[in-house]
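The chain below stands alone, shown as structure tokens; this is the form predicted on its own.
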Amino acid sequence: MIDNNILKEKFASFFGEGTPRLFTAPGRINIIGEHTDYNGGFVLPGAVDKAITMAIVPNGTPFVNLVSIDHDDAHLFFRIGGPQPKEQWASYFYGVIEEMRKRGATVGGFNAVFGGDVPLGAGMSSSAALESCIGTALNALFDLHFTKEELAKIGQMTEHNYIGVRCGIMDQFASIFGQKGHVVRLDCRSLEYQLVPFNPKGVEIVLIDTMVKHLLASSEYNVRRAQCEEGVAVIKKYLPHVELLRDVTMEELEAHRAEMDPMSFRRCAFVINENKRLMDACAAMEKGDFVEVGKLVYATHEGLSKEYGVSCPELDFIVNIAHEHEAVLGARMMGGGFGGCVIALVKKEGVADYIADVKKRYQVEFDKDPRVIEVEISDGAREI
């Protein structure tokens, strides 16, 4: 989390008088359940101790004045109800405000300075952290009375309508509902959720960032979603109750395989199998069997790489090294794909060896150094 004093100092230097309120919202990891959220399935994310934090004060005008520490103190302002800013980072603010206004809220102008330590491009949902931070701050600042669930949906619709990414609800939900020491088993259709204790004894979560920015992720994400919808459309002709892949079994998918584009079939098969893996992983976690959880995590990576087609050589390389280390229970790519992080479950005694091996061999293979990110499961969006 960014130093609060730095935020206050930046705020004072740009805006002068006024005591800002501080709000924060975290990035997230996802243990298992990838690309299932927009198919109405299940996910198992947890909020982490890397977050976006904001200092903010109402300014009594119809204008929003922003300073982004992460963009070299870029200063930008726009009028509420006016045209969307060209800068994407400002569009998150614009989108959240517009989605709130669509729901009947009156949002006033404000001055804000924000920044964070959620690694960009690492599949940890820095954008959802920003949306959740903005939504939580404005909800409190202007007494808007949105529920946490509504704030998550506002963040999701900001992505859809102002950023151009048809994301599911997982990232925003995890950022807002996360709780220290727990992961969130979320039903992405009903939004029913369960906080599941996550305290694997003797096992650490290790994130290794490929340093490959997933430039294809947004466009290919939308392609994958469309391919899944194509598969559902075929099934629905015979089973009218089917609305999402969540409703389809592998037997039903196989029965109509001949009528389906082969690529759509592969995408759909991955999602159906991934939902089953998640439920199996939850059952194993309840028994404290993280060896079994690790096997399922490995299976997820295999599916993401071979069936869903969203991995890349760098991600596969790090996961392949994990297979060579007995201390690594499971590893997979995390997030939208085409770059970002590998998440690994590693016995504490083997963490240093695994990291050292990856660093050495990755540098030789790709002529770049991976970044190791240490995270702890943490609390969701809140006022500091």
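For every residue, the number given is its place in the sequence shown, counted from 1. What you see is a predicted model; the values in this text were computed from it and never measured.
Omitted here: the form predicted together with alpha-D-galactopyranose (GLA). The next part is about that form.
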Interface stretch in the predicted complex with alpha-D-galactopyranose (GLA) - options 47 to 55, 61 to 69, 28 to 36, 343 to 351, non-hydrogen atom within 4.5 Å
28 to 36
Would you mind picking the one in 212, 207, 282, 167 that has a heavy atom within 4.5 Å of alpha-D-galactopyranose (GLA) in the predicted complex?
167
Note which of 177, 298, 221, 94 lies within 4.5 Å of alpha-D-galactopyranose (GLA) in the predicted complex, where distance is taken over heavy atoms; exactly one does.
221
Any of the heavy atoms of residue 339 lying within 4.5 Å of alpha-D-galactopyranose (GLA) in the predicted complex?
no
Please run the contact check for residue 335 against alpha-D-galactopyranose (GLA) in the predicted complex: heavy atoms, 4.5 angstroms, yes or no?
yes
So which bits of 232 to 249 sit within 4.5 Å of alpha-D-galactopyranose (GLA) in the predicted complex, heavy atoms only?
none
